[in-house]
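Shown here is one chain on its own, the form predicted on its own, set out as structure tokens.
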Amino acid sequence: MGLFIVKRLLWIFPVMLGIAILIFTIMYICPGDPAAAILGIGATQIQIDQKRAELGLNQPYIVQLLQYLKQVFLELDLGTSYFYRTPVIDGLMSRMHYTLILALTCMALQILIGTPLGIMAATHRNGLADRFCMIVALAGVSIPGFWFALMMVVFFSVKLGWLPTYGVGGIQYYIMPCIANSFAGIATQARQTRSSMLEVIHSDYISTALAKGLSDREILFKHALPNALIPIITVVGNGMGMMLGGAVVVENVFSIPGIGNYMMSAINSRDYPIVLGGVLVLGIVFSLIMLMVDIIYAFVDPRIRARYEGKKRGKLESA
């Protein structure tokens, strides 16, 4: 198991290398000139060319790419913001806790609401509870997150005045952002839980448990749910990626000073180092979360744990 964790940690490096190359290429071919954005409308072409040379933007693509990869992976430096003139890593870390609070809360809502909805739908298949859960799930995967967030602002803030429109503070500031960002994840979690539970419920060992006279509660939580957890856990891990990505939109709607808001402002102002650094940091966070998901697999499913242990024993025996 330890060898598996080490291998997965090592795989993070080529993954991050691919992400860095991809996002750098996308930002390179995007329209817009950071030098012109920094100098403003009144700048002359000579001033713009000088600024481009100062920032190294006049060099060929491959030269810029290699310099950036060297800076990130060898010097461990995400660069300096064009506008703020501060290290990108400092700006990201000062805003990280807002994004993590939002993402982790949304993931908790996805698990605590989506999983019971899926179980209820599976155990009441084709009933009213099943139809209600699937309507909620269909709405969650169909409604755009930013539109849902704006409608919540109009209804709960403007019309009713129950919740603050924007900013950060107490728990009331996170209610609407967390609901808006987690709605799609709750829907996906409910659909996957329902599908996994329906597959397990019709298995032979469930029929055997029924024949033994076990209660519905024991069958559900001791036999059915543990064997349906692998796909459910996968959705939870992927959901964290959705929450981190959705935070970029939700933080801008509710003016939360997190990484998403920081990156969106950087995109509008062509502050490429912030965008590149933000994508890399979020990519590392997501890679570590998926590593945790794979480790949880081994604890949930003894077959996976036995496979890892079997490989280890096989190497020892052959030695």
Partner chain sequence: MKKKIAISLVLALMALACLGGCAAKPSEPAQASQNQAAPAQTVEPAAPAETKVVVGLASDPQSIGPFQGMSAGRIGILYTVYEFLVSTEGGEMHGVLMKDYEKIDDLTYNCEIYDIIYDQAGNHVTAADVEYSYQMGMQSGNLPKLGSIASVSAISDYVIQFKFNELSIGDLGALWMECPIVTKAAYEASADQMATDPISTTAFKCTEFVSGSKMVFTNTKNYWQTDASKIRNTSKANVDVIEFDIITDSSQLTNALKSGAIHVTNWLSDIDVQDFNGAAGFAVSPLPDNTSYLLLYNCDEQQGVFASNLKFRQAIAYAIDNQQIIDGALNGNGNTAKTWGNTNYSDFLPDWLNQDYYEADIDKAKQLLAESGVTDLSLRLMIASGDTTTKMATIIQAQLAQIGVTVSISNFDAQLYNQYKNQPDPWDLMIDQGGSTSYLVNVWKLTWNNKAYVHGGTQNFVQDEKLQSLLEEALTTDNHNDASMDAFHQYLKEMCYGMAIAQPMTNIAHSQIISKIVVDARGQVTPGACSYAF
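The term rigid core refers to the maximal set of C-alpha atoms that superpose within 1.5 Å between the two forms. Numbering follows the first chain given and starts at 1. Predicted model only: the values in this text are computed from it and were never measured.
Keep in mind the form predicted in complex with the partner chain is missing from the figure; the text below concerns it.
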Check for me whether the partner chain, as it appears in the model of the complex, comes within 4.5 angstroms of all of I5, Q67 and Q71 - heavy atoms only.
no
Any of the heavy atoms of T105 lying within 4.5 Å of the partner chain in the model of the complex?
no
State yes or no: in the model of the complex, is some non-hydrogen atom of I46 no more than 4.5 angstroms from a non-hydrogen atom of the partner chain?
yes
Although the partner isn't part of this model, could you tell me whether G32 comes within 4.5 Å of the partner chain in the model of the complex, counting any heavy atom of the residue?
yes
Report whether the minimum heavy atom distance between V153 and the partner chain in the model of the complex is within 4.5 Å.
yes
Residues in 248-265 with any heavy atom within 4.5 Å of the partner chain in the model of the complex:
N252, V253, F254, S255, P257, S265
If you line up the core, does I267 shift 2 angstroms or more at its C-alpha between the shown form and the other one?
yes
Core superposition between the shown form and the other one, C-alpha change of M27 at least 2 Å
yes
